[in-house]
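Below you'll find only one chain, the form predicted alone, shown as structure tokens.
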């Protein structure tokens, strides 16, 4: 039997990890984090499909694709779209695939405009403030569904 797939979707500017504000987001690149995600997912018996886009519509299409492909779960770091996107809210609400919100930093400890998440009300749960470890924590949580 083939392993179930977990989609890991990353939003705007996460392609700049490692050089963008490392004091907030850490020094690891997205490729380095992706390697950690793949290794951890395989120890849990899952395949992962890791993607990044700076375009909201791509993330919405990928959420729909995850549902159509009967993915086990989606781990979503929507970046700044977390605080602005009704489109992502509606897409998550429309699918049955559980979505786990992940943020490298803790938005509640940052600027006021980062305190509101349009993702949290429709996500299975949120993991924030643990840096790249947050993705592994989300994988651990998803493995329990």
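Just so you know, these numbers come straight off a predicted model, no measurement behind them. Numbering follows the first chain given and starts at 1.
Unshown form predicted in complex with a small molecule; subsequent notes refer to it.
In terms of contact with the small molecule in the predicted bound form, the residue from 44, 120, 80, 94 that brings a heavy atom within 4.5 Å is 80. The contact with the small molecule in the predicted bound form, taken as any heavy atom within 4.5 Å, belongs to 114 out of 55, 51, 64, 114. The small molecule in the predicted bound form is approached by residue 105, whose closest heavy atom lies within 4.5 angstroms of it. Within 4.5 Å of any heavy atom of the small molecule in the predicted bound form lies no heavy atom of residue 132.
Contact check for residue 20: a non-hydrogen atom falls within 4.5 Å of the small molecule in the predicted bound form. If you check the small molecule in the predicted bound form, you find a heavy atom from every one of 12, 25 and 110 within 4.5 Å.
Here the chain stands alone, but in the predicted bound form its contact with the small molecule, taken as any heavy atom within 4.5 Å, falls in 72-80 among 29-37, 56-64, 72-80, 86-94.
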